[in-house]
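Before any questions on how it binds or moves, here is one chain, the form predicted on its own, in structure tokens.
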Amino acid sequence: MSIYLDYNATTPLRDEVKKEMLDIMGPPLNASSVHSFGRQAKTHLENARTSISNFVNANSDQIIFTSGGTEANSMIMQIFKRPLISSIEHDAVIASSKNPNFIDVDSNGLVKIDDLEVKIKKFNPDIISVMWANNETGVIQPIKDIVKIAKKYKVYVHCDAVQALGKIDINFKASGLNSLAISSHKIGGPVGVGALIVDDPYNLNPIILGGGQERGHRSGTENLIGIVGFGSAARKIFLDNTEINNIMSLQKKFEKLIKSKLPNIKIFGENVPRLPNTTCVYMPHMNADAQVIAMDLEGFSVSAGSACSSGKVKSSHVLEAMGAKWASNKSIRISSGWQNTKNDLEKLAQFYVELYKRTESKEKEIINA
């Protein structure tokens, strides 16, 4: 059985989440109906909304349910005409931005604060969007510093927090952000549901029109089963703060193991704040797609870059923006989660070192031939 180490792409459905979803599966539950079934659905919907608002410290009326992080990002980005976004944003933000200008990042993948201010003065943006944590490298951005500068120039600030959710603390009220995008399937909930969190939910133009659900912000009958699952996953993590510490401990041991055998190994973002479950590592002698296949054949499920590109393995625009174009198609991402054990990470470390040394040896043979 394959060892799954691609939690940044999607996570297993938690057992308690599955149970709650099954409990409401079957009855005709539409939260827009006024009869008893509709009222029951409305209760489930609002309970989930409350669980998520507690999780990120937002007001429940600031939560707008969507089909996922991509839609949540698009709902905001499509409104603005002069976006300024980081050069390492997820494709969901880049593709939904109209003629964006980009903020540079340094070699660690951190937004250059000086460049942010320069670009604000140069382009006069009406929105700034910087992701809280990068999906490929796990590097965590200085959101408070970014918000402080943006507010100095009275610019709206959006944040894609899809990868950060559940891995680091998120406090929407304290952040100073105007809006935030999150997703269910990154925290053990079902796919197909996410949320947009906005400081002023009444100052938002909907992109899906119809029956006026979600207080008129996003029409269409709510995915109640998915939303209940999302709320369940949020509640589980909110009440258990030990899980992520265990994950971090195993990931650190994995990195320590490969570094002990490969002292010159390159781990991106190693010296800056990073998600506790994420390692983006460079193997100079083998393309990323070949690494992923080799790992899969050995029983390890890992990835190269984002999983939101229709199954494609392509050069990483994130690493290119960090000045590491040389590594952009030779690096893989290992992202662990709550089902992984010490043995899983030790086995992966052993095989990674073997693969690295084997490909290095082959390259030397070719050069010396």
Ligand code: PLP
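Just so it is clear, the model here is predicted, and its values are computed rather than measured. Residue positions are given as counts along the sequence shown, with the first one as 1.
Below: the form predicted in complex with ligand PLP, not depicted.
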Just to be sure I understand the contacts: of S232, Q291, Q163, T278, which is the one whose heavy atoms reach within 4.5 angstroms of ligand PLP in the predicted bound form?
Q163
Note: exactly one of H158, H90, R274, R218 sits with a heavy atom within 4.5 Å of ligand PLP in the predicted bound form, namely H90
Ligand PLP in the predicted bound form: contacting segment from 65-73, 44-52, 29-37, 321-329, heavy atom within 4.5 Å:
65-73
Is it true that S86, K119 and S129, all three, sit within 4.5 Å of ligand PLP in the predicted bound form, judged by heavy atoms?
no
Is the gap between Q251 and ligand PLP in the predicted bound form 4.5 Å or less for some heavy atom pair?
no
Since only the chain is shown here, I'm wondering whether T137 would be in contact with ligand PLP in the predicted bound form (any heavy atom pair within 4.5 Å).
no
Within a 4.5 Å heavy atom cut-off, is S183 in contact with ligand PLP in the predicted bound form?
yes
When ligand PLP is considered in the predicted bound form, the residues of 1-30 having a heavy atom within 4.5 Å of it are N8
